[in-house]
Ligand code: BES
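In the form predicted on its own, a lone chain appears below as C-alpha cells.
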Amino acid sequence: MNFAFAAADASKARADVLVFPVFDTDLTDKKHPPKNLISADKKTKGLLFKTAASEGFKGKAEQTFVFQSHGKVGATRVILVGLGARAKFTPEALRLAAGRAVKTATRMKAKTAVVQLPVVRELDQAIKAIVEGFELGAYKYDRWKTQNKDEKNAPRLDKVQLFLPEGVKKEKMHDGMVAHARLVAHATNWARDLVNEPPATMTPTILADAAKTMAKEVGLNIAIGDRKKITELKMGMFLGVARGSIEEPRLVQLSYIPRDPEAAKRQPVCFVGKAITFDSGGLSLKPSDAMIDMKTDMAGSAAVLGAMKVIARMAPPFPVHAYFGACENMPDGNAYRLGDVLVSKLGKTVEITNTDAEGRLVLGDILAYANEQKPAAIIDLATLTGACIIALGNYIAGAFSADDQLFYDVSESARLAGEEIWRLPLTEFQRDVLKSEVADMKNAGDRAGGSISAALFLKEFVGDTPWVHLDIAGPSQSPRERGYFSKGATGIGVRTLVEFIARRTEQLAAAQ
C-alpha cells in the first residue's frame, strides 16, 4: 500500500472512498465543528449527516457508516468510522477505526482512498496508527483457498492519501513515521502468516528456515542447533518435550550486533519466544476442540521473529538477541511420561505431572541459555496458559515481573504500540504448588492460579536478571473480525517489542 500526504479539502479529492474518523461529538458540535467534514456534508446538501443519523451512526467506537456520494464529493463513497469520546482518545482507537475502514473499502473493491486525519494532539502517533491500521486491516490469510478465485483476484486498496488537518504543514518526520509504521505492520503480518500456517507446513525445521531466510534478508546473525547441539547444551527439558515427535527440534538464536565496537560491548537485550509448532498435549492429551488451534502455540516465537525483522533496520546502539526452541508435543511411544524426572540446563530436576504443561519446560532451558549472555533484560512471550485467557480474555496479555522498572518500560511500550497488557502478581505464596517429593519441583501445580505458578516456574531460570514474562495465550489470536484484526492470528508482541527497543534507544541517548 502506498501512502502520500496532501492538504486542503479532502472532500474534493478524487478516490474510490473518502474516510473520515469521527468523534462522538463531531456531527453535533456547533461551536468547533470539523471543517472538512462539514464541507463534505454541505456538498451533499446535508444528506451525509442526515443519512448517518437515520442509520444510527453517532461516532461511537466500532461504528461504521457508508454513504454513496452520487458525485456530490470527489470520492465515490464516504466512510465514517467512529472514534468514541474525544476525552478518551488513544491512537489505538484510530488504529482500530482505520482497520474497519480498510475492510469496508476492500469489500467495495476500492483501489484508492483519501483519509482526513483528525485533529489530535499527537499527530505523529495518529499518522502511525492510520498507516498500521490500514496495513493490518488489509491482511488476509488465504494461501490454502482454492475456491472463490474471483475474490482472490479482486482489486485491493493500493493508494492512500493522508490529508493533514487544516493549518498543519507536512514535515520530513511524517514520511519517516509512515515508513516505520509500514515496516512494523508488514513484520506483524508476516508473524501472522507464520502462526496461521497449518502445523504440517510450519514444522520446527520450516520455522527455523523462515528465521534463516529473514535473517539473511535484514542482516542478522543466526545460529540453528539440531538435536545433537541441544543435547550438548544439556537442555534436558527441551529434549524431553521433543521426544514424542518424528519432527526434529531446532534451537534458534538470532543476533543483532551494532557495528560500533563500543556499542557492541553494551549489555544486550534478550527476547525469548515459545515455539511449540503443534501441541497435542502429549500423553496428557487435549480434547479435539482444545487441540484444533494448537498450531498457534508458536505465536511467541513468531512475535520475536517479526520484531527482530524491524529491529535489524532500526540499528539500536546495543546488541539484541532472540531465542526460541522449536519442537512438537506429541504422544508416541517415545514421548515423555507422567512421573518422569527431567534434568534442566541449570541442573534443576523437574517431576512431570502434566505433559500438557510443556511450554514452560522448553522455555526454562531457553531462558537459562539466554541468561548466559548476562543481558540487561529478558522478555519472553508465550501462549502459556489457558488460565490467563480465563482471567483476561482474548485481547489482553498477562504480564509477570519482579522488576518494577522493566515492567514499567514494557507496559509503556505496549501502551504506545496499542497492545494491552495487565500485570498479574508473581506471589511467592503460589510457589508451594510446584513442590515435588521426588525432584526439585513439579512442572505443573493446581488449576487455581495456573498462570502465576507457570510464571514462577519460569522465574527459576532467569536468576536475578530483570525479566518480564508475557502470557499471550488469549490475544495471540482473535476469535472474530474486529477493527484491524481478522479472525485468526494477531501478531501480538511485535509492536510492543519494537517500541521497547525504540524507547530504550531514546533513554540511552538521553543519558549520554
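Numbers for residues come from their place in the sequence shown, where the first is 1. This is a predicted model, so every value here is computed, not measured.
There is also a form predicted together with this ligand; it is not shown, and the following applies to it.
Partner-facing stretch of 86-94, 122-130, 289-297, 232-240, counted where any non-hydrogen atom is within 4.5 angstroms of this ligand in the predicted complex: One stretch meets the cut-off, namely 289-297.
Even though the partner isn't displayed, in the predicted complex is V184 close enough to this ligand, meaning a heavy atom within 4.5 Å? Because no heavy atom of V184 falls inside 4.5 Å of this ligand in the predicted complex, the answer is no.
Does this ligand come within 4.5 Å of any heavy atom of R360 in the predicted complex? R360: contacts this ligand in the predicted complex.
D380 versus this ligand, in the predicted complex: is there a non-hydrogen atom within 4.5 Å? Contact check for D380: no, nothing within 4.5 Å of this ligand in the predicted complex.
Just checking whether N354 would be counted as a contact of this ligand in the predicted complex - the rule being heavy atoms within 4.5 angstroms. Close contact exists here: in the predicted complex, N354 approaches this ligand to within 4.5 Å, heavy atoms only.
A138, L424, I389, A210 - the one with a heavy atom within 4.5 Å of this ligand in the predicted complex: Contact residue from the list: I389.
Within 4.5 Å, heavy atoms only, which of A444, L456, A40, V468 is in contact with this ligand in the predicted complex? Checked against the cut-off, the match is A444.
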